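For reference, the chain that follows is the form predicted alone, supplied as structure tokens.
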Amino acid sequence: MPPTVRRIPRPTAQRLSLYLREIQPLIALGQQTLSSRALGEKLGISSAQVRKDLAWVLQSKQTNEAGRSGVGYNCVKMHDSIRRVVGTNRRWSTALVGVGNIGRALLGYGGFVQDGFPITVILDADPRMAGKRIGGLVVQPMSALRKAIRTHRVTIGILAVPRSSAQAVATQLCDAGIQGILNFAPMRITVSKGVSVTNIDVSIALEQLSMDVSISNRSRLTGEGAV
């Protein structure tokens, strides 16, 4: 049985998103085809890996565009096919919970609408925020969460709340029918069966970066001190 979209490995899915970022400006420039080698070189990925990733798109029955030897892939067809696989060919109504520093920064990012993830609902637990207008939307109290999600047919929730309230809010989102959560709270949350979670922890990313830099520096110093 051929693999389905849901069975695509997470690393492959992440690379498919990167491919979209590279292909889109090429289409805008009028480029018609792109080889797996050229795409791989842009991202530091082998051409074999690119072909393997795009084979998942073909096997998912979202396209019959397999690429041609010596020519490459049709940019428009490949772009549209990948969008169908990752789901960005449709609009995903999104709710943002928490309008603190992170929440406001997310509201100011215009790319969500362009990528198909318009924020249609914003909520906050602070009663002083209720009724305020931010980025064209009115902040609603948490008591309105369930009704707002149903009214706006929200599928994805963005969690930008303090660690202390993250799990409680995540549970509320799940109970209200959310299918996916993008979690910016610095903790792992437990969700209902069938709800997907992606955790964005900036501190962990910085710690990983500092470790890489430290190892690189130690290696350089050891090399300079070698006789």
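Residue indices: 1-based, along the sequence shown. Because the structure is a prediction, the values reported are computed rather than measured.
Missing here is the form predicted together with another copy of the chain; even so, the following discussion is about that form.
Remark: of stretches 196-204, 26-34, 165-173, 47-55, the one touching another copy of the chain in the predicted complex is 196-204 (heavy atom within 4.5 Å).
Mapping the unseen interface onto this chain, Arg104 counts among the residues with a heavy atom inside 4.5 Å of another copy of the chain in the predicted complex. Remark: Val154 does not count among the residues lining another copy of the chain in the predicted complex, judged by a heavy atom distance of 4.5 Å or less. Remark: Leu145 does not count among the residues lining another copy of the chain in the predicted complex, judged by a heavy atom distance of 4.5 Å or less.
Among residues of the shown chain, Ala125 is not one whose heavy atoms approach another copy of the chain to within 4.5 Å in the predicted complex.
Shown here without another copy of the chain, the chain has Gln179, Gly180, Ile181, Leu182, Phe184, Pro186, Arg188, Gly194, Ser196, Val197, Thr198, Ile200, Asp201, Val202, Ser203, Ile204, Ala205, Leu206, Glu207, Gln208, Leu209, Ser210, Met211, Asp212, Val213, Ser214 in 178-214 lying with a heavy atom within 4.5 Å of that partner in the predicted complex.
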